[in-house]
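The form predicted on its own is given below as one chain in structure tokens.
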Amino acid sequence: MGKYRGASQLVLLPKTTTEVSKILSYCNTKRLAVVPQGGNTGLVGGSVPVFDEVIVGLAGMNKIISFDNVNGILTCEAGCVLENLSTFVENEGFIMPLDLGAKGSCHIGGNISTNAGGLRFIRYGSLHGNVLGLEVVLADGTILDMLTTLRKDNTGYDLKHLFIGSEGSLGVVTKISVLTPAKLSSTNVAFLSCNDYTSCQKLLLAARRSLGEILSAFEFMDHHCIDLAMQHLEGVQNPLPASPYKFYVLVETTGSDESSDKTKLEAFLLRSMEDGLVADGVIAQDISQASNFWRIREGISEASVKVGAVYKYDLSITVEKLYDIVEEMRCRLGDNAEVLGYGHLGDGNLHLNIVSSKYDDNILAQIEPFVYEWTSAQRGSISAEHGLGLMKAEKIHYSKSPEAVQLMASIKKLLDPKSILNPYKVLPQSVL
């Protein structure tokens, strides 16, 4: 998006864990700061060097080590591209538990380091539940082997969770073992419209009750998102062009019985229309139509960038209050910018995008710190799935107590006493 620009005189591209270990050991001895870098798809500046840090790029570590096709356990290196892993496991009859719009570029190591959520979270949960083991190189070059493939292991502290979501500030993830769900034969996608946000909330509850275990995605978008997608995404078609609606919902089901699953989805849609929750809707009749539905949802971020400057916020808020911040932001900004609200409604995760022709300090002053203060007042999170990075390191107190932040700082000092790993990210400098 051009929001973060870094500079470095040295980029190192190790191909083995041993090479990563030697790099970090040397840098630690010389007190040279290091920025681990994957696919560079992050939105908070987490992989950007701030003051000429050494970049350690993991793109060369892209091997699949093994796949257990009985239990669906994949072991691979951190530089593997998510889409490549998805293709590999699908050929084995499984799917990755993680799906992102940036899957064609992002690395699995980066996904784990930011604890990425994505489109399948409602069905398969977070990476904390799906990652079985990690290999991590610590700041002094120590190789921490936690690369287990066991589903159960209660021997001592489960240290891998320290590194999931730590954004490379505690260690560099080099290998991963992850549990992949079986690929089921039946997938159905519906694109629905609602007249108000309350109907979207009620529709989510109805979907959970009616669709139960086959519900695999529940995404919402306001009409500003749809308008933007239609203007700036090539080849997409509006599934419901008859008349404009205020909100749109994409519902996906995944199961093992095509006939039963489709009947259940059709019954849910009919009942929701009779109850007034859905104004109009369509179920994809083929893969092409389903892909068009998903292209609209996944392409919102791409479409917004084509307008110019985008201020992106990734918030976790109770579903009841989730859209209030969008409306309040529109009142604050007026005609100075366009405010988009969309995201993973089933997870209470709002993507608040504010679009203008160029970056403007006056617009930013209207957005921040208001967006953080508002979220904090709702006891929400200022980072649902994108991480803190450089953008929000100094804002962590809006979501975490002073005691929690201090404990995080103590862990950072223990594992990286010279503070060489991804400096200026995740934690405020005042506590280090």
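Everything numeric in this text was worked out from a predicted model, so none of it was measured. The first residue of the sequence shown is number 1, and the count goes up from there.
FYI, the form predicted together with a further copy of the same chain isn't displayed, but the following is about it.
- With the partner omitted here, the stretch from 359-367, 28-36, 54-62, 374-382 that lies within 4.5 Å of a further copy of the same chain by heavy atoms in the predicted complex is 374-382.
- This chain is displayed alone, yet in the predicted complex one of Leu277, Ala309, Leu170, Ala284 has a heavy atom within 4.5 Å of a further copy of the same chain; that residue is Leu170.
- The contact with a further copy of the same chain in the predicted complex, taken as any heavy atom within 4.5 Å, belongs to Gly117 out of Gly117, Gly79, Gly341, Gly299.
- Relative to a further copy of the same chain in the predicted complex, residues Asn84, Glu252 and Leu265 are all farther than 4.5 Å at every heavy atom.
- Although the partner is absent here, Ser401 lies within 4.5 Å of a further copy of the same chain in the predicted complex, judged by heavy atoms.
- When a further copy of the same chain is considered in the predicted complex, Ile420 lies well away from it, no heavy atom lying within 4.5 Å.
- When contacts are judged by a 4.5 Å heavy atom cut-off, Asp347 counts as touching a further copy of the same chain in the predicted complex.
- Although the partner is absent from this view, Asn353 stays clear of a further copy of the same chain in the predicted complex, with no non-hydrogen atom inside 4.5 angstroms.
- In sequence order, Asp68, Asn69, Val70, Asn71, Glu92, Gly93, Phe94 are the residues of 67-100 having a heavy atom within 4.5 Å of a further copy of the same chain in the predicted complex; the partner itself is omitted from this view.
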